[in-house]
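The chain below stands alone and is given in structure tokens; this is the form predicted alone.
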């Protein structure tokens, strides 16, 4: 099992949903970056369950940084972050037959690991592991902030309810980063929550679309083919549980346009080359063009639902019916938003260090 991502800046994740702890090791990050524990805790809070629209399993995510930080700043050596698991209810899984939950990795994990996998709560495949991604990504976000680069994500759509698109991107990102339920049009938040609560009351779940913007990122970063900005980001984004699609800029919407509509025309404004539109999401030929990087992800409905489902007992090789137990989310999109921010920040740091060297992210004295 490969659990490391990145080239110059690398993140390794570890742990299981019902194990003693989860965590991450962040390696290759420049020294001298100030660690803001309150910021990291705040980011973890955005991922934490909240009310009827989330699971009742609430972990406090009291993280501990065991290495790589000295006197409040990164030392340049590997940063190890550990988050204990405390609110466990493993009997929901250990006292039932080995039934494959539709939409989950139970069956494929069994195929790959020959029955030795920790299946409780999804084990290593669980969204619980994303707390470690958020902790590591928060440190990456602090590194980007020193370079004037910010990342923000909003719920573009959920259960058929749509938010407005980014407008004044810098201000929109600042607004979103102060919110727990991240939408740009505050009037539609209640409608989204109502849809999620309705699905929960029916033992079902909903999905949606997340849209992310990266502001202040320099031009000229990325490679033409296999390590394009889109390739690197897509690789990381598809590692987030429940992501089933990625598009950059107008993405699939460009398929119904003509070239005259899809092309972003250039102009010089205040001595800077920009594009009049940003349908390509700030990337041309795999390389950043200096405009905000914009992309969206499709988040599938949470696969853990309480409705009866047809499945199999994969130990007995028999057909079966699944009536799910445990504590589950009727939607994860509002929690996944900060995971997407965090994964994006990690990729952006890696891309910058590949282009300019690992000391690029050091704060200016």
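Positions refer to the first chain, counted from 1. Keep in mind that what you see is a predicted model, and the values were worked out from it rather than measured.
Heads up, the form predicted together with another copy of the chain isn't pictured, but that's what we're talking about next.
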Contact stretch among 185 to 193, 145 to 153, 291 to 299, 172 to 180 - heavy atom within 4.5 Å of another copy of the chain in the predicted bound form: 291 to 299
4.5 angstroms heavy atom contact with another copy of the chain in the predicted bound form for residue 167: no
Non-hydrogen atom contact residue 349 with another copy of the chain in the predicted bound form at 4.5 angstroms: no
Contact flag, residue 121 vs another copy of the chain in the predicted bound form, heavy atom cut 4.5 Å: no
Another copy of the chain contact in the predicted bound form: residue 49, any heavy atom under 4.5 Å: no
Members of 216 to 230 lying within 4.5 angstroms of another copy of the chain, judged by heavy atom, in the predicted bound form: 219, 220, 222, 223, 224, 225, 226, 227, 228, 230
